[in-house]
Structures are given as structure tokens and as C-alpha cells.
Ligand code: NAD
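Below you'll find only one chain, the form predicted on its own, shown as C-alpha cells.
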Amino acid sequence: MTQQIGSMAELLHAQQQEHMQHRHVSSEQRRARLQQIIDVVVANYQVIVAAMEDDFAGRSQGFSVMNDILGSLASLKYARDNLDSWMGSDNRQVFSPYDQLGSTARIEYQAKGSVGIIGTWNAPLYTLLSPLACVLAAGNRAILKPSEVTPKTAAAIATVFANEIDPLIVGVVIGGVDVGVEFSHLPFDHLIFTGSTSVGKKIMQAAAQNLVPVTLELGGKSPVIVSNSCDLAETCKRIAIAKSNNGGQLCISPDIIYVPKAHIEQAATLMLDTYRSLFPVITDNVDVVPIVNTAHCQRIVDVLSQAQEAESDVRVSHSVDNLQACVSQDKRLPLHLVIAPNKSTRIMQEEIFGPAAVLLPYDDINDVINDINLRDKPLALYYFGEDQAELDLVLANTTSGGVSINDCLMHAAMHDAPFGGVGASGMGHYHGIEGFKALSHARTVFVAPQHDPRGEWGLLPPHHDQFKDMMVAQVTAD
């Protein structure tokens, strides 16, 4: 359908040349580009979700439709339907006395050029197309780099786009870590990466060589605060549901759950009971999302095994004769709750990214706040309860990328609100108008008055004897 372009560098150069020649992209053009991506997803979703099922060796196609297809379409459609209001210029107040002389000022949002998007494997389509919605709404072009951890999905996306989308608008490149490294070193006009904090640091370091601005969507150990004021049964149900989502393989999955000491036994029981009700069996259950590959599954098993060897109190939703055997079988793991483990254990140090969580008992909410603040700033924070004063205390004294109250994960589904991290959990945003602005250059336009009064005011050289006194007289505190 479209011309073939060789290397990544050549594709980027071609896109940037096209941008230079066609800088202004009308709302009609932007909407048409978004609609074309929507149409491609709708027409080819079956191929893509089948590839995801193969990559995960059994992830339910229904779940992939819900998580990746519908999630991507929602982001694309929201951008399509709102870009007219986002594209308008913002009038700004002019400084005195120029505001009295007819001057005006405005902010115009200008496309940056070509944006690189590196997706991740846990949501292999969504982490490409959700940011792409803001990229295209802002009038940019893009090159997508799907995750090599899900190679069949990456190949399916590349084939579909190559057949139906002009690579000068949206191109796709695939390959392993070496390709990702080369990709991150290219002189994009903006670079978006979703993945781990450790890799995010390398991406930012590579981008800095070309002064490329970055949006990093990373992760961390997202905490949950269970208040004494909550409905404990409903709270534990919602936490268990969240922990089951995508087999726990989400960047905003609950990792550390703070529970009042008096309720920790009941909370653990309620979470495990809910998990069993969702999944009566684990092995060969199509509703259970497998861990993506053997290496990732082995890492989770190793983390849990170390906690058990350290004599931690580990509760399990389903009896497993040999946890290690799950790695070589279907990579489906039961939910593990590790209660008050030693701080030196890996489960207390690493993002879990699987069906496990830490339960920490507490007596004083201030101790919880202090413990959260001793860790890297998380991508998400969750609070369950009805104590408004306590909630205000938590919100005022913690920092996180986003917050959901009385549920988990939900803030990330907001289309009209920014999604992003802070500190070790990332920087920058996509979703909504904030995503549009993040992918645009905000350019100030000042319109001078017809009459220039500076000479009359004595502001131009040669300066008279009272010039300094005139300036000093304006050095005031009001």
C-alpha cells in the first residue's frame, strides 16, 4: 500500500522531512489519522489478540479484547472527539502597561514532529496506541517499537500497520533488545517509554545524547492503605480483583497492602476467599492470565521461595504441590500473600509483577505514611475507607503518580485526566488534554502595540540622569 523505508534512522529522517514540509496539520487531518488507526484496530483485532494468546501461551482472547483492544479504542476515540477543543490557542494576560496599549498574547500548541513510542509486553497494544492517540491528536507522526517479549504480537502489529498505514504517518519497527537500544538513541522529537524503572533510566540516558524530551511510564511498589473506617469485606474483594487483573502483571498492581493489625488475619482470609471465588482452579484455567514467559515466571517463583525460606508467613489461595513445577507447566500461579516479611527479602525490594502481595500490619496511620515515603514514589496509591480527615492526611503527605480511592486501578482508565508517574515511577503524562499538551510545543505569541512608548517614557538610550532612580523606584514588595 505504501512505500517501504529501510532503516529506523531512514524512517525517522523521512518522517521529520515530511513534518518540515507539512508542519500544519488541520483538525480534519488529525481526526482522519486517528480514525484510520481506529479502523485498522477494529478490522484486525482478531489477528492481534490471537497473537497475544500465543505469546502468553494462553491469555484469554476475551481479556485481551477488554484490556488492549477496547482500551486502545477508547483512548483513540476520546482524542478524536476532543481534539478541536484541545487545539485552540490560550489567551494570556499581557504585562502592564502594554495590556492598556492594545498588546495581546496567546499560547499556540504546535506539533513537535516525530515521536518514538516503546511499548511493553504486559499490555502490548495498549501501551503503544494509548499514547499514540495523544501523539496524533497533537499533529505529530510516530514510530512504534513493540516489546520483544511478545514477539508474535509485535509481528502482527507490524504487518497490520505496514499493510494499511502510511509509515510516514505511523511506522512500526520490531526486533530485540539491540533494536530497542538503537531506537532509544535516535534523534526523535519526543520519546515515550513504558517499562521498568531500570530500563527507563537507560532510555533517558540515551535520549539525553540528542536532547530528546521523554515521557517515562514506569512502575514501582504501589501501596494500598486499608483504613479502620472501610468496609473490610468489600475492600478485600476489590483488592483481590485488582490483584487478579492480568495475572498481577500491571505497573499499577497493588504490591504492598497496609492493614490495621487487628484485622490482618481477617483481611488475608477475605482476599484469598475472593480469589478462590474468581478462580476455583488455577491450572489450565483460561480465566487465569499466565505469566508471560518462563523467565518472568521463574523470577516470581524465586521471589516467593526466598520469602518462604526466610520463614515469612505466606498464605496461598490454592494448594500447589510444587510451585517450581508451575514454571514448566502453564505458568499460572495462585495468589500468594506474604505477611510482614523481613525488609531485606526480595518481595519487599522488587516490584512483584505477578499474583502476589505483601500485607503489613499497622497501628498508626502516620507510620504507614512514613513507610510509604521511605520508598521510591509509586505510580499509584490506593486508599480504602470513609475517614475524610485520615484520607486528607494521606493525600497531603504522600506523593504518587495517581490515586484511586475505594478501588484499585481505576484512575488509569480516566481519559479526561493525565496518567503518569513521578520520580522513580516516571515522568510526563498521556491521556486527555494533558497528554495533548505534553506532546505539543507550547509556543508563546506576543503581539506588540502599534505605538511604541518606550522613547517617551525615557527607557531608551541615551539614558537621562534620572533613569536609574526611575528603575530603583519600582523595586518594591507590593
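Numbers follow the displayed sequence, beginning with 1. Predicted model, so just to flag it, every value in this text is computed and none were measured.
Missing here is the form predicted together with this ligand; even so, the following discussion is about that form.
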inquiry  = Within 4.5 Å, heavy atoms only: does Val199 come near this ligand in the predicted complex?
reply    = yes
inquiry  = Please tell me whether any heavy atom belonging to Ala310 falls inside 4.5 Å of a heavy atom of this ligand, as the geometry stands in the predicted complex.
reply    = no
message = Using a 4.5 angstroms cut-off on non-hydrogen atoms, would Ala389 count as touching this ligand in the predicted complex?
response = no
Non-hydrogen atom contact Phe56 with this ligand in the predicted complex at 4.5 angstroms = no
ask   = So which of 398-406, 279-287, 351-359, 233-241 is the stretch with heavy atoms within 4.5 Å of this ligand in the predicted complex?
value = 351-359
note = Answer key: of Ser184, Ser317, Ser72, Thr215, within 4.5 Å of this ligand in the predicted complex (heavy atoms) is Ser184
inquiry  = Looking at Pro378, Pro146, Pro254, Gly247 here, can you tell me which has any non-hydrogen atom within 4.5 angstroms of this ligand in the predicted complex?
reply    = Pro146
ask   = From first to last in sequence, which residues of 120-137 have any non-hydrogen atom within 4.5 angstroms of this ligand in the predicted complex?
value = Thr120, Trp121, Asn122, Thr127
